[in-house]
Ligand code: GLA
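Single chain ahead, written as structure tokens, the form predicted alone.
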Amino acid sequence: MPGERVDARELAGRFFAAHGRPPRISRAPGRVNLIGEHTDYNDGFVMPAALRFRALTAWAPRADRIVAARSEGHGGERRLDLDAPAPARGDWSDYAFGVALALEKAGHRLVGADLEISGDVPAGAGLSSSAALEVSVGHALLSAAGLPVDKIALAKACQRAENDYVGMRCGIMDQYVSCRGVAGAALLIDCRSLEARPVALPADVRIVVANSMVKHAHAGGEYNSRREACEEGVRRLRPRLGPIAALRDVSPQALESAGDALDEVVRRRCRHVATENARVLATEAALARGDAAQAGRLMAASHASMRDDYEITCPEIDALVEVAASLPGVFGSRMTGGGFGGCTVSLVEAARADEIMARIAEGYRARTGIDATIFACTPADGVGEVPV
């Protein structure tokens, strides 16, 4: 949980007790997305930041081709024979073993490894605990085999694992920022070219994340249906707009002109993506000139679009955003993550961050009866090894 920092030395000690040899430890962060939701799988723009909360994988190579993994809190060991892989199990191990199989399919000859996995990214909160696990395991497996770690290639393999093995048709944002996060900055990621550039935050601004304590569970369900609606929109718009490859290629103005080709639901889904891409680029420009107020207004517009057009918020998330937006010193607030629960992200005046967090907690409790977990965060670096 936030505030309970996972201890790398303790994890190393548990590994040694279980396996009789010292491990090395791979670390990968979770993330918060400032703006740009459900745009990544539409070849669009996103602006996430890596968090200090992280997944850790303690590892040591084996002499065979067996990957033996244990995850703190889940009980029991899971095994994958790289030479005779079993189907997905439908549990946490799919995220780890899916990465192993995706790396092998990409041409990386792995060796067996013992893995002990732990972390402090809250699950189901929209902070990408699954991508952090995937990236830390991928880094561990490549390192155990003595192979170089190409961070963009690793992000792609982790995305493929989640798409093909887990069954979650996510975009690449979560894995990308977990691999390539930059301390002190958000990343503006072009999800088509996979180019990225850091976006510095004004010195007097802090990021505040509030966990609604409502867990999402969208693998294979509502999340995938939103992606299908976007793909249907592209198919229907192509005869009117020409050879578009994804909603990235559709401006809000073009969608307005050709929107009668779509049914009402698909039109609203496409409108969210088209306007959200524009908001991401406008937010980068606002932050570059130090205009936190304009960035906040764009975040508020993003939340309204997710609520009304994409329909991925929930009453508790809307309440968190409304409470934050009513407070002096809050520039803007929105849901972050895949939706249907999880967290909000707010840009706030740094000098008032502690007061704002207390008042958000108080207001949310008064409206819902739920105690939210709220924290201020500073962007962190991407995947790497932890010395022990």
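Don't overthink the numbering: it's just position in the shown sequence, from 1. Keep in mind that this is a model prediction, so the values were computed, not measured.
The next section is about a form of this same protein that is not shown, the form predicted together with the named molecule.
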His38, Gly171 and Asp174 - do all three of these have some heavy atom no more than 4.5 Å from the named molecule in the predicted bound form? yes
Looking in the predicted bound form, any heavy atom of Gly338 within 4.5 Å of the named molecule? yes
Non-hydrogen atom contact Tyr223 with the named molecule in the predicted bound form at 4.5 angstroms: yes
Only one of 50-58, 347-355, 315-323, 28-36 has heavy atoms within 4.5 Å of the named molecule in the predicted bound form; I'd like to know which. 28-36
